[in-house]
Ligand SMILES: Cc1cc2nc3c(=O)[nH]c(=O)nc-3n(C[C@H](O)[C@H](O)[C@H](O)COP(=O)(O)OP(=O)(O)OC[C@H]3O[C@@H](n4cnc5c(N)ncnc54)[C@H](O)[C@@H]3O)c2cc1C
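Shown below, as structure tokens, is a lone chain in the form predicted on its own; questions about how it binds or moves come after it.
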């Protein structure tokens, strides 16, 4: 039976980051990350899935929440080192345009800009039209055009980079599915679906929407479907939209409350797409607490057709006259916490820890979230100037540790 000082359960964005930080910061510890690779065929796969099977996630500092702004800033600053350690390029500096006509959101983002001062220009609707003539916003919109390190990351390649860097520093990467974990006085026993048995002094649970399946006392961890729209572009549209930034737009609309949009990105099928995702109607929540098969039908599907229709309409409003060759949809999943911040906490004294709940904003901040969770697990110390109470785990029964 293999034994480790620390086992990270989940090799997604937070888990792979945690594993790299453990390998770098605790070289005398034997550490492993356990989690399956991306399935070859999503529509027939029967195991667990993840939400990072994609080519683009927006990265930026400006955010209505200063906490999330700091998590992003502290992650982004390490992107060059991760790329250098791994040899994998995942960061693309396309810029990020935030736009809103919601008055309180304007005040929140202005406050974040004042605190962190990323390179940006504050624009009105006319300024946006002048700089990005292919985009359309109403006269009430205010926008922040963030440059510098803002843009997008490739989540697949970020995880590849994190795991390569972790392995280069001595960590083990185990491509299996954890079926159970048992916490005892002398450590944690872990069994995988593939039949492996492992022992670890401590375990860090970073399994996203699957986390509750492995816990006896369930976390307050709402897990919501999320439909992605991909608009395939012909060469002339790719040329017209050259220079387009990543976009996040919040507005008062009955179908789509907010929208994020990536600039044209090349996908593994050789085609170039604009990717959109919403926060609005028609999505559903899952109660994934006992069996990972509860989530499989959603991941095997094409997402929600009503959401896709809303996104097509929103895309045409924001890029009038867009000539897309074809559209396709894909399912994704967002895991929320009770307080809107990640859970980074000790669940069972000295043995089991958790780092999960991206709340739809975790990709850009995953390296810092993983770092804090990794060092809490390794040292039992809170190694961040952010308030630890803002990250406490909340259980489904309403209690905390």
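Residue numbers count along the first chain shown, from 1. For clarity, every value in this text was computed on a predicted model and none was experimentally measured.
Beyond the structure shown, there is the form predicted together with the named molecule, which is absent from this document and is the topic of what follows.
Contact between residue 64 and the named molecule in the model of the complex is not found at the 4.5 Å heavy atom cutoff.
Remark: residue 207 counts among the residues lining the named molecule in the model of the complex, judged by a heavy atom distance of 4.5 Å or less. The closest heavy atom approach of residue 178 to the named molecule in the model of the complex falls within 4.5 Å. Within 4.5 Å of any heavy atom of the named molecule in the model of the complex lies no heavy atom of residue 353. This chain is displayed alone, yet in the model of the complex one of 286, 132, 327, 260 has a heavy atom within 4.5 Å of the named molecule; that residue is 260. Remark: none of the three candidate residues (69, 109 and 127) comes within 4.5 Å of the named molecule in the model of the complex, counting heavy atoms only. Comparing 49-57, 24-32, 371-379, 344-352 against the named molecule in the model of the complex, the single stretch with non-hydrogen atoms within 4.5 angstroms of it is 49-57. Contact residues in stretch 319-356 (any heavy atom within 4.5 Å of the named molecule, taken in the model of the complex) are 332, 333, 334, 356.
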